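What follows is one chain in structure tokens, specifically the form predicted alone.
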């Protein structure tokens, strides 16, 4: 195919960022949009100059002009819609978390392989330019042998950045649809992915995940939470603390959540800040080694940049017939990490990721 025709399925707020990498791309275009809210779909179609508007996903799969789908739908729909798209011969980019269980993830991976199509899990943090540069520096030995990572995730109050209608969050409060809490399982997938991207595969995890009501009887967050892990086959460790500060105003153009990452090596220390928000007004990437601080001031550091680069990776994977950066298999590993953390908290015990595989008991 010369031009990849893509259908964006789900035209909510986040779709405005997922669309950025397609707009103006020489090898792909937003050919169609699909949403059960027809007025929303038509509005996005005008914005992105899409030719076709659908309100029924089944019609999307029947359209021979559509080569790929971008699935931006609630979590409990990821597996079934991905499998259907693969069987229809469409390449799939599915929003994180990829599924509610490892069994669902396996069905998705198998469907893609059997159909000979690409399956990409859309987790954009691993495409955020400061994280990409950090990965390059770590792999090049700039901080010596990496020995630990610390991730700080802090949610704040509404008032800055995006306004999100309450109805948009309703399904996230239902665990049978969301698969878990909004901070650890949903947004946390980004952080679990970064932890593996920067330092490697994880062996075991220990977690304490609390629950706090935000609107009594209506909404809640899975915080405060403390999660610790050990990397596989190495003396490398990680920890993440996830907090919700209801009276904290966070400077952001997007969601009211901020993250900071610190990687310690035998020779130096590396920090990545900003990304979703800009609470710390400092360079997005800094490295301390040999008694000196080096700052990286000219990296693209808007959260939107990570969406652009993630989408471009999907397009290139299709054009070059290669695996996307976060393939189905890799996305499954991140999912297993997240599920192990949740299981650890539920059982109040350390959990080895291998224990989550079918046939093994806790």
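Residue numbers count along the first chain shown, from 1. Since the structure is predicted, the reported quantities are computational estimates derived from the model, not experimental observations.
The same protein also exists as the form predicted in complex with a small molecule; that form is not shown, yet it is the one meant from here on.
Comment: the small molecule is not present in this chain, but in the predicted bound form one of 79, 73, 279, 111 has a heavy atom within 4.5 Å of it, namely 73. Contact with the small molecule in the predicted bound form, defined as a heavy atom within 4.5 Å, holds for exactly one of 236, 274, 190, 90, namely 190. Residues within 4.5 angstroms of the small molecule in the predicted bound form, judged by any non-hydrogen atom, belong to 30 to 38 and to none of the other stretches in 313 to 321, 291 to 299, 30 to 38, 332 to 340. Under a 4.5 angstroms non-hydrogen atom cutoff, the small molecule in the predicted bound form has residue 10 among its neighbouring residues. Looking at residue 307, you'd find a heavy atom of it within 4.5 angstroms of the small molecule in the predicted bound form. Although the partner is absent from this view, residue 172 contacts the small molecule in the predicted bound form, with a non-hydrogen atom inside 4.5 angstroms. For the chain shown alone, residue 14 is a contact residue for the small molecule in the predicted bound form, at least one non-hydrogen atom being within 4.5 angstroms.
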